[in-house]
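First structure 1, then structure 2: two forms of the same chain, each alone, as structure tokens.
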Structure 1
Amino acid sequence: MEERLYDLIFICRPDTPEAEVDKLVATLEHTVADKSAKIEKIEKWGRKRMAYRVRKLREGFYVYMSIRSNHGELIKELERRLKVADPVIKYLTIRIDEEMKRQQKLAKHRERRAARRPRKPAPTSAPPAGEQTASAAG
């Protein structure tokens, strides 16, 4: 199975002490390491106002992780852990590697076009030379 990139966001109760959040993150990290996956990024967004009430709470402590894995089981395990963890009130896992791939493709495409474009209008006297260099580069 090829490598996949996931976004994992979970929201803790706003009154959870930060140490507990750190502990939770550490256990998740441990789980990820067990399955030989990688954590690309961990961001603690902190207390934020939620757009709607969740479990009668208006605020939540957001934590964001980006995980690179080639093991679908890992996500199952992580979600199970989040489900049983007391301070977590909401979580979301999204697979985003396909969109990232698309983004990279588009960016590459645009770059190539941008590299080609300035040559065309500027030297009106010698357009074949510019085209040749562009094709050689691409």
Structure 2
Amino acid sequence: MEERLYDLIFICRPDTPEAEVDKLVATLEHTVADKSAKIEKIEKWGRKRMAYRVRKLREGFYVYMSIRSNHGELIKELERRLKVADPVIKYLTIRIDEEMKRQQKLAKHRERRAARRPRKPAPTSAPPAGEQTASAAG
């Protein structure tokens, strides 16, 4: 099975102590290591204001993780753990590699179309616009 790249973002309650957020991240890291996957990046974005209320809260503590895995079961397990974790109010997992493949395919398609399209020749003997107006005035 091919390796897949996922982005996982979850939001914790704003009053959650950072030690508890670290404990939750460590639990997720341990789960990822058990499934022989790899965490590319972990970023704690801190407290941010949300666009709309979630569970009557206006702010949340954001955490971002980039995960590389061969197993789809890993994502199901991570989402299950986030669902039962008390501090987590919202989470989202996105598979990134499909979008990257699609972007590469579109770029190749554009290159092929550009190669087929004949280039317009640049104008060679046209004088600059400033010279035409000066001779017409005199």
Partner chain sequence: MADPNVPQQPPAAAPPAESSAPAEKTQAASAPAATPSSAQSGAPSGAPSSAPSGPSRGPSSGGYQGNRGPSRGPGGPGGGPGGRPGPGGPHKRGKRNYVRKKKVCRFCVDRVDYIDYKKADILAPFIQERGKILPRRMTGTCARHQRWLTVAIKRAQNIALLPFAAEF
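Each form is matched to the other, and the largest set of C-alpha atoms that superpose within 1.5 Å is called the rigid core. All residue numbers here follow the sequence of structure 1, with the first residue given the number 1. Treat the numbers as computed from the prediction; the structure is a model and nothing was measured.
A.B. asks: The same chain appears twice here, once per structure, so which copy is the form predicted together with the partner chain?
C.D. replies: Looking at both copies of the chain, structure 1 is the one that matches the description.
A.B. asks: For Met100, does the CA position differ by 2 Å or more between structure 1 and structure 2 when the superposition is done on the rigid core?
C.D. replies: Yes, its C-alpha moves 2 Å or more.
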